[in-house]
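Below sits a lone chain in structure tokens, taken as the form predicted on its own.
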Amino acid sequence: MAAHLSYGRVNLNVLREAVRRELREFLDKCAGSKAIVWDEYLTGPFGLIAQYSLLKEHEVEKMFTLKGSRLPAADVKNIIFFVRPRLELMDIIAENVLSEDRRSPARDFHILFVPRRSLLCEQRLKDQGVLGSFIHREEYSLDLIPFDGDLLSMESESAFKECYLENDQTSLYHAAKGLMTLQALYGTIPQIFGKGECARQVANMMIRMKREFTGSQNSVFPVFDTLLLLDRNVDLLTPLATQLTYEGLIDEIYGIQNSYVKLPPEKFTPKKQGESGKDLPTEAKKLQLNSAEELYAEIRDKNFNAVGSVLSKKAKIISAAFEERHNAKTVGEIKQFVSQLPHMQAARGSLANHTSIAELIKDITTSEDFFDKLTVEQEFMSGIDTDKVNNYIEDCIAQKHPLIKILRLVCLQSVCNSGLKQKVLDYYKREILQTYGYEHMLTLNNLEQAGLLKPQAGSRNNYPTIRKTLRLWMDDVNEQNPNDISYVYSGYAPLSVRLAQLLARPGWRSIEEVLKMLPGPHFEERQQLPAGLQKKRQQGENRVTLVFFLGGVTYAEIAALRFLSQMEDGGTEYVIATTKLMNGTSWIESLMEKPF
């Protein structure tokens, strides 16, 4: 059991167990010894639901990464391909199957598509002449993967691009399917609210799917009170800004992949006296980050400026606990101290790791360049000088800073100004193409299509109205003991989370005018519950809202929603679901066209 998944109001272990059961059933269909050939992208998400020990119990003896030419030798009866439905992967699989050595004992081939079977892919296998080689061709609907006690993700890296650039609704269909699975396990969600075009489509798909399954009445008592579907393009601003929570900064600087982070190793090796640094390890330090670790659960959502004091307090508590050993006189006291030792040593190890990570981050956040960039971001978000060419951005281009950094800043300026004046936009584009190469014209075009970098339509800039009405900029932010969600960006309150907060209290009717300024429709649907399943709320019991971000969510937004869940008088607890956990860099990267 993954204990940390059951800490919250909604026990996400139920979902994890359901997905594991489906995996076991498929493995048992392929009788005998097995080797799994992995589509590399799937290994991370799968690691969150099934460790190698589970696969081993079902006779999986070998695991390989999917790559061209022949499969490595393995004395097994079954070869199972775990793949996403992508045409280019089908070509590699066909190559593997065709290069199978005819002289060796015949092996049975199977293919498991994650999350859906695809007719196009099967046709490609047929064209290559290998479709008949597969005994089992099935799909494994791994739509929503539990990452933490209040967090689910589809980990679909191209969802935003598919929805907003290619008009491809595949990931929306998977989102709707994932929500139907959740409702089967946790009961029908009585109220659905949404904002945005994609949100409307997902809600429509859910209603249609529910109609198609009218025969089977859901008799599970509802755990969720409300579902809020939010399009990423309703709030394009938030991911572009630099996140300032502890977890957000780890992701901004090192990138968190499937709850793991790889860090430079030198900070994690205890240096012995008189040793030179030449024997330092070169292998990156890999750490898992989730709420199973007590200290991480406490500091992950704090503003980075508040983390240092927590770590030093913890250090004092731990060293005091170790000092206790001198006071243990009787056998009983010594025994008690020894029984607490493993927990204390784990706490000390955890503290050492997070102190090292905090030092690594501090080296960056105290640099002059980080401060300059943050200053420009905060000026844009508070509405200062958004309508003219920015000197800092000009200097960065002239010094050829990383292109993604430039694009994030220029897009941020564009979003905070409801688009740039044509001459400002043309100037930026010209400078970027002349400095970084004309092949990036396609990328600039994608950013324009996504609404991130565009000319101002009409002469009105709506951002100041939106900023004031939704209180997106707070001057007096308290980073140590926050009283508002704006602490996650040291002043800027994420628009998406503000919408969730206002929906809970006093309701969206109070911001009708601003909602009309944001892209896409806003709507409300009610789903009928069978008699006897209506919820009677106990005195003081909080509502549970599932917020689903279509197109991706950042760790800072997750921190802001957790902050709202913990508020004394909040009245609502949030569970977060998304198509992808992301930051501004990975988001812009997903929209960049690879130069040929």
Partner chain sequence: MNRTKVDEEEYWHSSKFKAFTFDDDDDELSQLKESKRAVNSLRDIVDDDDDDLERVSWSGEPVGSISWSIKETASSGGPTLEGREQLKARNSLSSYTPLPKPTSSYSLSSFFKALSDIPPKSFAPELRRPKGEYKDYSSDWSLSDTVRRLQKGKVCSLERFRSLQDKLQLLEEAVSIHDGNVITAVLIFLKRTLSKEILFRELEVRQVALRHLIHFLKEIGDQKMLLDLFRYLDRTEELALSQYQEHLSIQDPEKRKEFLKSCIGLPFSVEDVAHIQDHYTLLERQIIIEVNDRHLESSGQTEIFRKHPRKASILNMPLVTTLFYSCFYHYTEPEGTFSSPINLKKTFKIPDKQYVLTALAARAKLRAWQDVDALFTTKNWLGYTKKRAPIGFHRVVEILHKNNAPVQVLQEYIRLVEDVDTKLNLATKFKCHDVVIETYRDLKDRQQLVAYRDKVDKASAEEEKIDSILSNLVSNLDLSFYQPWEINCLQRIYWGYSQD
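Model, not experiment: these values are computed from the prediction. Numbering follows the first chain given and starts at 1.
The same protein has a further form, the form predicted in complex with its partner chain, not shown here; the description that follows concerns it.
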property: In the model of the complex, G68 touching its partner chain (heavy atom, 4.5 Å); result: yes
property: Interface membership of P482, its partner chain in the model of the complex, 4.5 Å heavy atom rule; result: no
property: Touches its partner chain in the model of the complex: T188 (any heavy atom, 4.5 Å); result: no
property: is_contact(P519, its partner chain) in the model of the complex, heavy atom dist at most 4.5 Å; result: no
property: Candidate stretches 378 to 386, 188 to 196, 228 to 236, 494 to 502 - the one whose heavy atoms come within 4.5 Å of its partner chain in the model of the complex; result: 378 to 386
property: Answer option from S156, T469, N417, N290, heavy atom within 4.5 Å of its partner chain in the model of the complex; result: S156
property: Heavy atom within 4.5 Å of its partner chain in the model of the complex - residue from L98, V338, A328, M209; result: M209
property: Every residue of F81, A94 and R562 near its partner chain in the model of the complex, heavy atom within 4.5 Å; result: no
property: Its partner chain in the model of the complex - contacting residues of 480 to 512, heavy atom within 4.5 Å; result: S490
